[in-house]
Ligand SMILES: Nc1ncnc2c1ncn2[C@@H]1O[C@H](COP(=O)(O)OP(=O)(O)OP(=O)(O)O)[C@@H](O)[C@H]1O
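One chain is shown next in structure tokens, namely the form predicted on its own.
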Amino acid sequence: MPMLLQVENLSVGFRSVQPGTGTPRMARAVEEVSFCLDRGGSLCLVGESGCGKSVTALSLLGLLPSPPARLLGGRVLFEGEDMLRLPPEKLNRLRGGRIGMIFQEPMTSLNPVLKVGEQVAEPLIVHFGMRPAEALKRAVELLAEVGLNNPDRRAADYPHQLSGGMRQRVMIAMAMACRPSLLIADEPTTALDVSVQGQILDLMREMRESAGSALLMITHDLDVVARSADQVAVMYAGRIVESGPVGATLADPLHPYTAGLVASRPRLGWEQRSGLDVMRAKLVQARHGRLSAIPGTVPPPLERPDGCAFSTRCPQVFDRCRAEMPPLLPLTDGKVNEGRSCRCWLR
């Protein structure tokens, strides 16, 4: 049986112009990104804004506008089929059916002129062929399952009548309505306060376990990574720079960028939940004084330096870093770092 999701050397660009000259250029937002996700597994793509995480997620489902977006290479195999080359009608059958997606901002993702119940019922009508009345009844049940009080009343509300946490629960209900094999969540807790964030993450985990869905999570928050996934891939300037099991990667980061991200957070501890290979984070001690910060910002695609893209911000940079892009290579030092890879000349 093939792996559920295999992303192989995915590269995506946007038509743009060179600053100052007006010369047409292709801004490469994602470069040769590869990762795998098996049935029931969970993987987080993590990194600062502008690293290519959301572009990667949206390109998997063909949701980037073209133009200006353009696929420059690679394959995205879902259950053995390359989604990037499927005809539109077949891709539409996958989206919302076998693959569900929770978007970053539900207020702009939900249709403002349709009632919530109608929007949750839509994938059931499209993918399962339910009659509208039957689908609406099931939509009310789904709203109850995601923890909305008075689900009958909420089904008759419009999105603007709900709070941010309630709208995100509606998005989860829509994404999980058809019990998808794969759930893609793009920053699902960014606009929520900490208490609601925890509720949403727990709800996603419960519904995934019930449906047996795999999870691809996009986030910049290492607390969310530790709580949500068993594997992590760290992205910087369109490339994966480190990947491996969550616990080992966050406890002992190999790439200077990953180390910088970990150092910028309050100190974390990890505990393994009985019966599940999932690492959950708990805040055990706040760091006193100022938090560490990575100097500078992620370079835009048309302004990336030669060699390693992190060389302009790295405290351990040396001449080779500025001249050559290091490959992403697996570590070969036995079981201690089993399953880990790093893109750095220091490793």
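Note that this is a predicted model, so its numbers are computed, not measured. For every residue, the number given is its place in the sequence shown, counted from 1.
Beyond what is shown, the protein has a form predicted together with the ligand; the following relates to that form.
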message: Does any part of residue 311 reach within 4.5 Å of the ligand in the predicted complex? Heavy atoms only, please.
response: no
query: Heavy atoms within 4.5 Å of the ligand in the predicted complex: does residue 61 have any?
result: no
- request: Using the partner position in the predicted complex, report whether residue 301 sits within 4.5 Å of the ligand, counting heavy atoms only.
  value: yes
query: For residue 321, is any heavy atom within 4.5 Å of the ligand in the predicted complex, or not?
result: no
message: Only one of 37, 317, 294, 55 gets a heavy atom within 4.5 Å of the ligand in the predicted complex. Which one?
response: 55
query: Considering only 24 to 62, what residues come within 4.5 Å of the ligand in the predicted complex, judged by heavy atoms?
result: 29, 48, 49, 50, 51, 52, 53, 54, 55
